Structure formats: C-alpha cells, structure tokens
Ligand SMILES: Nc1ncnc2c1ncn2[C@@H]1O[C@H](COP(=O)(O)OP(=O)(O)OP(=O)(O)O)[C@@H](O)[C@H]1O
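Encoded as structure tokens, the following chain is the form predicted alone, with no partner shown.
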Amino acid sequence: MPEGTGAATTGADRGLDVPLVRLSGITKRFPGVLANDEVSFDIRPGEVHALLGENGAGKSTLIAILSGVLQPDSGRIEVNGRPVRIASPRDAIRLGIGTVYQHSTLVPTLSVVQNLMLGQRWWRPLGRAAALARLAELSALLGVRVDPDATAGSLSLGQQQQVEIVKALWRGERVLVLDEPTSMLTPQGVEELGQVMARLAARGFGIVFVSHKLQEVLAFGHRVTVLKLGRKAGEIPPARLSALSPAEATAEILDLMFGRGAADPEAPRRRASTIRADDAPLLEVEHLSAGEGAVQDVSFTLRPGEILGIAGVDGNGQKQLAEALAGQLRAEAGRIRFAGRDITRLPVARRHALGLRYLTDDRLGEGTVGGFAIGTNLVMKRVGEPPFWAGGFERPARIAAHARELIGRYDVRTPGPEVPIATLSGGNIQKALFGRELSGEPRLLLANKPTYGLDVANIRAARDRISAAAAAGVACILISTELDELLELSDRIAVMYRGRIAGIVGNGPDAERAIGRLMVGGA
C-alpha cells in the first residue's frame, strides 16, 4: 500500500487525544437548502482525514466554514481545545489553518517567490532573503524541489499545487485543508501528493483530504468521514480502516454514501458498441490545425453511435481540438466535414443547429452564466429561436416549461427553474448542461471532461448518459484524463501528444498499455 495509508502511525496512536480542530454540531442554512445539519468533525495531529460525499452533500460548505469564508448558523469550533470564532480567512490563517483550493490561486505572471510574498504588510519592505529561506525550509519539509524564480504559469499543475501547499503553510499553519487536490493531476502527481501528505502527517500536521476517488482515500487516508444530504452519514476511524481490506473498506464507504448493498460506481463495466458497419462517417476531420500550434495536422473520422475517446496528459491540445470542432476556435488549416457538409468556416450557432453540441470542461466560467436562472441557462444557445422567442420577444412561460421538463428528466435537484444556476452543486449544474446539450436533435456530442469534479454517483450518471446517447445513434467525442472512463465507454481511443494524434487504439485487452506508451511519446 502506498506511503500514507491507513496503516501508518497516526496522532491518535501516539496518544494525542486533543484535536487540532474540532467542529461540533455545525449547522448552516441557505435559502431553501440545509447545507450542513449538526455536523461534527475532528482534525487530529498526524492524521489525513478524508472527507467524502456526493455533490451537494455539504463538503464545500463545511470547508468554507473551516476556512473562514462562511460562518455557521449554530455549532461550536475549537482550536487546540479552545473555543474560537473563525470570522474570516485571515482568522483561519492566524489560527493555523491553511487551505489549498481546487483551482489555483497563484498569479501566473509572477514568480514563485513573488506569489509567496503577496499579502505581507504593505508598510514593510519585501524581504526576499527571508522568503527564500522560508521556501527552502518548507520545500525540505515537503520533500519537493521548487524553483523560486520560475513563473507560476510555467509550472505543471502538480508543481503549482506544491507551491499552493507551501503558501498554505507559509505562516506556520499546522492544519492543511486540501479541496479536491487530485482532480487535475497526472498519476505521478497524485503519487507525489500522497508522499507530501505522508511526510506532513509524520510531522504531526492535521490534514483534511477532500476527494471523490475511493482509491485515493484508501491509499492516503487514516480516517474517513462521509457526508450525505448535509448530515454526517458515518465515520471510519483509523483502527477500523487499517483492519479492513481494500474491498471491505470500499464496500463500507459505499454503504455510508448510497445505502446497503450499493454496487461500486467506479467498477469498470465495458460498454457494448453501438456502431453499425454500413453507416457512413458523420464527422470527417482532415489535417486540422488550430490554436497557433496547439492542434497540428489532426485527422480522424467518426460514425453515428460511435464514441471516440481522446486521451493524453492535460495541455496537449485536447481543449483546443474540442473548441475548433465546436467553432469556438478558428481552423488555421485543414477541413471539417459534418454529415457530408463542409463546416470548417461555420459559426458556433450554425453548427449547434446542425446537431453538433459542445459540453465544455468549464461548467461555471464558460458553460453557464451563474447569476442567471436555470431556465435561462437551459436555452442560452437558442436565444431568439422559437418556441422560446416570438417576434423578438422572450416567452417566459415556454422557457420555464422547457426547464421544468429537463429538470425532471435529468434529476436536477433544485427548488425550481427560477433559481440562479450558480447556487446548484457542481453535479446538478452538470446534469443541467447535459440536458441542454442533449435536448432537441443532437447528432454529435463533444464532451470535454464531463465527469471532472463530480462525485461517484454523478460520475456514473454522466457516463450512463453518454452511453445512452450513443445507443440512440449520437456520435460522441469523449475527452478525459480518466483512463478507466475512456476504456469503459470508448470504441476507439486517440492519444494526443504535443498537439498531434500520436495514434488511435482500438479498445480491447491491450489498449491500456498501448495508450500509456503513446501518452509519453512512444510509438
């Protein structure tokens, strides 16, 4: 088992009974939502405390309270056995609580050491020598190497995260909160993060590790807490966790999350192909280049009902390929044919009307307008079109009826279509976006990381929707960094490397090994 597993020595094993932080009976309400309902949660020295739960279970609210972003309506917070009020992020830092958020907070144009020096008292001169000494001290503690003069934007995602952890510990914090830290990391980056957590736990730090991936929880966690519908569904303490086999621990966690007898939502179950041999290609991409070198000389075909997976380490041109096919990025060379028609120069709206739909990986920044109602977001790509507009005027009743139909069909958990979409959990926003892109008459779905940041239940639901769409004859291009997802759903898997398709692998017993070779530049 990797370093940092439940078998490791924890603070509780050393007799350190007083938690670094104790949350007792935490309750937080929002309009129409009870986000946290009498939740109790301890962070103990020397432990990696894994926090699990479906989207909307209350994890983000609990983390925001712990980090001082939100204040609870009721409940008690203790730090080192003393009652405190965490009224702001500055209070959290002062109390020794550092947080690394899911998305980077580094300024990409500044160097590493400049990012770490931000936030100092404005009247004090910036002390570069002291900052370099502190960086060297924390780098040694974490067991990582960080170039202080590298610009943050030039670092890999794993390196950026290492700097984020250094930043979270900069002022002597002893509690580290990691919110979905592995969601964008390569397997090597995940392993390196596990080693960092193990080193910190061995030095007596308390770590909160929020993850949707059961394998990582079992590999790195000492204690596991599961939230469900805002309540604490249960906890597995270190002694119990280390006594369970991986299969037994998985079953127990799934029981807490979904009820007794729940099947493992992450278990691979290869989809049956729905391609018909006599169908002509729906999409033909010939020598496509776009994005100033991000996509170079890409060619492939796609038939109705076929799912073509796109694999590769993040940043090898996958997003730019999706945007070029959707019409958001201009093709610099090559040709795109859709249902026999050249669409290389067609705008986004015309491609959408033909049935080419794009499900972006940025559901908050690009896929939705957060302050707008769910109903409005569900017709965002059909503005001015009947039946939702007539004579240039919006028809609110038609939009609301359409929204209610999609909310019901896609199980979007919301009080109603008039609610701003940003108030929904990530999983429910993604359900709404699936509804928007698959409504009408879709013929091709471009799905860019459709399960990114989702819990295991919503991952399963998203994969099932893609599979069902293919069964109905919709072609799909599935871009994912999750190899198990590609192997489960795809008929063929193309690997992108430095903007090119390094190879296309037929899905089968040897596919994983072949994909791995192509991902690192092999033949």
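We number the residues from 1 along the sequence you see. Please read these numbers as outputs of a predicted model, since none were measured by experiment.
What comes next is about the form predicted together with this ligand, which is not displayed.
This chain appears without its partner; in the predicted complex, the one residue of Gly96, Pro148, Gly453, Gly158 with a heavy atom within 4.5 Å of this ligand is Gly453. Of the residues given (Gly68, Gly473, Gly56, Pro45), Gly56 alone sits with a heavy atom within 4.5 Å of this ligand in the predicted complex.
Note that among 168-176, 392-400, 416-424, 189-197, the stretch whose heavy atoms approach this ligand to within 4.5 Å in the predicted complex is 416-424. In the predicted complex, this ligand stays beyond 4.5 Å of every heavy atom belonging to Val495. Remark: Ser490 does not count among the residues lining this ligand in the predicted complex, judged by a heavy atom distance of 4.5 Å or less. At the 4.5 Å threshold, heavy atoms of Arg436 stay clear of this ligand in the predicted complex, well away from it. Of the heavy atoms in Ala461, none are within 4.5 Å of this ligand in the predicted complex. For the stretch 61-89, the set of residues having any non-hydrogen atom within 4.5 angstroms of this ligand in the predicted complex comprises only Thr61.
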